[in-house]
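A single chain comes next, written as C-alpha cells; it is the form predicted on its own.
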Amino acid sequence: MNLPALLDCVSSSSCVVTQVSTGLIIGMLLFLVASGLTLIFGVLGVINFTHGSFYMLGAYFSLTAYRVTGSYFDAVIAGALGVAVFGVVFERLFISPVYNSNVLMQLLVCYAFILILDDVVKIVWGTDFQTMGMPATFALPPIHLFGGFVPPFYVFLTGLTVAAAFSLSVLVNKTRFGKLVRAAAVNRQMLSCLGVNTSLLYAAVFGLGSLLAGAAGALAAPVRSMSPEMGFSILIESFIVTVIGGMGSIIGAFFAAVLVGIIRAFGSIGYPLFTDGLMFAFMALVLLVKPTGLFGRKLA
C-alpha cells in the first residue's frame, strides 16, 4: 500500500491527466473485447472462453499485415476482418453443435481451442515477445492538457472506441438486424418459424463479436507487447467488465470498462500489489448492491 503516492498523484493535475488517459486506454480496449463477449452471450447464450484468444489473434494478424504493408490502418482492418472470418468458421464448425449442450461441454470446447490457438501462435510467430512499435502516423509530440501530456495515439484510440460503442448501440437498438438479434435472444424457435435464417443470424453475431475482439488486439498492438497466452489476462478482465456492466448490456460494458480502467490506473499507484484485487473487490461490491450488474436486467 502506498497511499502517500496516491494522494500526491490526485493532488497533481499532471498526474491525474496521465493516469486518467492511461485508464481510458485500458478501458477502451477492455470494452471492445467485453462488448463482443457480452453480445455473444446475450444472443447465443454461450460463454465464449476463446474470446481472449481472438484478441491475441487480432494482434498477431495485424503485426503480420503491418510488416507486409507498412500501414497501420490496413493492419487494423486485416486483424479485425481476419479474426471475424475465423470466428464465423469456428462458430459453424465447433460452437453450433454444442448450442443445446450443457455449459460444461461449451466450456470444454472453448478451453480446448485456447490451448490449440496458443500453440499455433508459438509455431507460427514464435515464443518471444514481439512489438509493433508506434506507427509513424502517430509519432507526434504529446498533447499538453492541464499540465499533463497525452499521446495522440491515446486520443485516436479513445475517439475510435467511443464511435464504435455508439455505432454498436445504434446497430443493436435501432436497426432491423438489431431487432432480429434481440428477438433471437428471447425466442430463437419462434423467430425461425417466422422465416428468419437463425443459423445465419447466429454466425453473423458471432462474427461481429469476434471482429470486436480482433479489432481490440489490432488497435492495442502499438502499445502492448505480444506473446502467446496474452489473451488469458484480458479474458479475465473482460469477464469482470461484463459482469459489472450486466450480462448482455453494451452500454453497461462501456461504463464498466471505463471504471475498471480508472481503477487499474490509479490502483497501480496506491496499491501496486493489489491492483487485480481492487477489480474483484469492485465487482463484488457491485454484485452485492445490484446482482444483475449496473445495467443488467432480471430475467422474467
Partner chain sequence: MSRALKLELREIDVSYGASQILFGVSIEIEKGATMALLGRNGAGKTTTFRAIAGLVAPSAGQILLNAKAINGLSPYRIARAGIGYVPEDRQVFPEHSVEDNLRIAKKPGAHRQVYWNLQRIYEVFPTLYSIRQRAAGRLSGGEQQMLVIARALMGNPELILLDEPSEGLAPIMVQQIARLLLRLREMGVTIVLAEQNLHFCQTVATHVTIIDKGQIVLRDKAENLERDAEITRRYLAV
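What you see is a predicted model; the values in this text were computed from it and never measured. Residue numbers count along the first chain shown, from 1.
FYI, the form predicted together with its partner chain isn't displayed, but the following is about it.
Leu93 falls outside the set of residues with a heavy atom inside 4.5 Å of its partner chain in the predicted complex. The shortest heavy atom separation between Val196 and its partner chain in the predicted complex is within 4.5 Å.
With a 4.5 Å cutoff on heavy atoms, Asn187 counts as touching its partner chain in the predicted complex. A residue is said to contact a partner when one of its heavy atoms sits within 4.5 Å of a partner heavy atom; Lys179 meets this definition for its partner chain in the predicted complex.
This chain is drawn without its partner chain; in the predicted complex, the residue among Leu191, Leu157, Val150, Ala204 with a heavy atom within 4.5 Å of it is Leu191. Of the candidates Val88, Val121, Ala183, Ala78, Ala183 is the one whose heavy atoms come within 4.5 Å of its partner chain in the predicted complex; the others do not. In plain terms, the part of the chain that comes close to its partner chain in the predicted complex, with a heavy atom within 4.5 Å, is 171-179 out of 70-78, 130-138, 171-179, 218-226.
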